[in-house]
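Coming up is one lone chain in structure tokens, specifically the form predicted alone.
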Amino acid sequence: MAELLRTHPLEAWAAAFERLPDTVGIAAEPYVAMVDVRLAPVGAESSAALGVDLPTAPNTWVPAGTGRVVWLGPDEWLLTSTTEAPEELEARVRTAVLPLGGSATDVSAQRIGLRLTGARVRDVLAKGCSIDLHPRVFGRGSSAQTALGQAGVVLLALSDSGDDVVVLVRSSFAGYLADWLLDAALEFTHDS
């Protein structure tokens, strides 16, 4: 049986990303396993079963092993792992949540991540996103489901200074968003 090779949907944009200055860096994140979890209610039993406390505060995320757990709704989370294969993560999470009345679905192929770094990250995002991304309200551990340009995204704040953000976007919108981000960053390419 032949092994299928994965090609990252943003491979063609890598050179353009590399040409950006330090004030606004853009990099395509490697593929990660992602599982959508539906579970209610959440408490000590679910935390023990999953080995992580699911965030219950809206618009937050927490580190979890080699990945993250992102709050998507009152009974929905996105769990990621950089070390487990998608089918392994799904099987492990499903085994943990099924006895609690929950469900787990592999959504690894649905989204990819773009990491934005540098002093101008908030300025670039503000060109197409109407939410307040100031670090006092969008610091490390914050997340937001919003529109960026014309693409639905999930934003994850990785720092308290607003200079490190992961943008999760549907794979089918990745090329559009890459072009949009490069255009939005253009005015900052001459910053010193």
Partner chain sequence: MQLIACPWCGPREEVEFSYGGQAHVPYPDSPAELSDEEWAHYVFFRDNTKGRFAERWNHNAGCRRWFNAIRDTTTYRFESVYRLDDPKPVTP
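If you're wondering where the values come from, they're calculated on a predicted model, not measured in any experiment. Positions refer to the first chain, counted from 1.
If you look for the form predicted in complex with the partner chain, you will not find it shown, but the lines that follow are about it.
Contact check for P63, T83 and S159: none of the three has a heavy atom within 4.5 Å of the partner chain in the predicted bound form. From the list 126 to 134, 27 to 35, 42 to 50, 161 to 169, the contact stretch for the partner chain in the predicted bound form under a 4.5 Å heavy atom rule is 126 to 134. Residue in contact with the partner chain in the predicted bound form (any heavy atom within 4.5 Å), chosen from L72, L89, A96, L114: L72. Interface residue remark: N59 is counted as part of the site for the partner chain in the predicted bound form, having a heavy atom within 4.5 Å. Interface residue remark: T146 is counted as part of the site for the partner chain in the predicted bound form, having a heavy atom within 4.5 Å.
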